[in-house]
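Before any questions on binding or motion, here is one chain by itself as structure tokens, the form predicted on its own.
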Amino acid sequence: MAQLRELALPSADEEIWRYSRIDALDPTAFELEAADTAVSGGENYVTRGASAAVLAEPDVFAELNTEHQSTLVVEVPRGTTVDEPIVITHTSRPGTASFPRTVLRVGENAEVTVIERFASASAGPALVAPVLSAEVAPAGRLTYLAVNDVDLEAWQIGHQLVVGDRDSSVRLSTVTLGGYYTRVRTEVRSSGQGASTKQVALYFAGGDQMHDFRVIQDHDAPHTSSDLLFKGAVQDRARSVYTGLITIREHARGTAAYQTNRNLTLSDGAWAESVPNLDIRTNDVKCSHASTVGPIDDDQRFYLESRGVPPETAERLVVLGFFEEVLDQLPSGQLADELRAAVADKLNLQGGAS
């Protein structure tokens, strides 16, 4: 193992890092060690170990991922449907810095579901900086779910870089429950006419956790569509950040793009920030954005309590119902049940985080 070199880190003064905890990170506290990666399902389409280029390197963490990448390539040939989900699990050890890289290449009229899970071998601080790079050919169909459940002392700073060609369909899901600071920067570019993207996310932070999402929906072709729904909750002293940008370029006429971010603050000390943005360069579009931050609706709580539901149970039911819209859209029914139970466990901690 070798110590991670000193970095010229970004600053929270930069807009893309605004509200973040990046100033508190000391990369030299970690030693380089690849995460333990396991794969189940679709092994015939998976290649390990070879270096692979990605679509972009937006910041120093993506550059480090290129420098120290531990790579899996999933390549689905033209016209092929992979019947079972490909599940990739990365497990990191405390005290280490790891750089998982997953490259997805979905051929023309091919279809695949990939579930990528991030976990910790045991308690303690670690740095995980994953990169997902996905290219979806014309009429290709990709369903992808990232589950971030690293230890409460771990840092995870990830990138998702996706390009969809003509008539492609991309469904991206993210569930984040773990981490001291967990950040995902997602950039999805619709590069071919008729490409469509749907994104959903569920995040729930407690204790001193912080969950941070930066999303770019880039429409670079006519008659494309994107729809985003992110739902989060914060309790105790936890924090969350969502900043989203819809970009519709001059030649992307006939595009429809939507983004919605909803946040529940469950404690007086919890804090959530939501900043949706639009960059629209042509008139022939349908576009909207919406965001909310606030406590549980008093009417919902009163409705349940008036029917004999204890206050603490009423809050739990409201939060679970709030997340159900996202859970229903996850690609695996069994996994959705596991995540539903994990959210319920977190609510049961009564002032802690799980």
Partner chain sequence: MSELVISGLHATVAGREILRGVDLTIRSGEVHAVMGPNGAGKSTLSAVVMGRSGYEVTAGSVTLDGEDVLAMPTWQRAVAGLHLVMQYPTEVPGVALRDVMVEALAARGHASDNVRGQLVAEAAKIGFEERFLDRPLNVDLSGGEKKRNETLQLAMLRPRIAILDELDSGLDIDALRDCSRRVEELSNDPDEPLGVLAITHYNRLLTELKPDKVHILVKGRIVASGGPELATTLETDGYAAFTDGDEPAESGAGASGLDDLFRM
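Positions refer to the first chain, counted from 1. Here the structure is a predicted model, which is why all the values come from computation and not from measurement.
There is another form of the same protein, the form predicted together with its partner chain; it is not shown, and what comes next is about it.
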Legend entry - Check all three, 299, 309 and 313, heavy atom within 4.5 Å of its partner chain in the predicted bound form: yes
Inset, instruction - Let me know the one among 31, 67, 36, 305 whose heavy atoms come within 4.5 Å of its partner chain in the predicted bound form, would you? - result: 305
Inset, instruction - Consider the chain as shown here, without its partner, and state which of 317, 55, 327, 46 has a heavy atom within 4.5 Å of its partner chain in the predicted bound form. - result: 317
Legend entry - Answer range among 37 to 45, 59 to 67, 319 to 327, 286 to 294 for contact with its partner chain, defined in the predicted bound form as heavy atoms within 4.5 Å: 319 to 327
Inset, instruction - Select from 161 to 198 the residues with a non-hydrogen atom within 4.5 Å of its partner chain in the predicted bound form and write them out in sequence order. - result: none
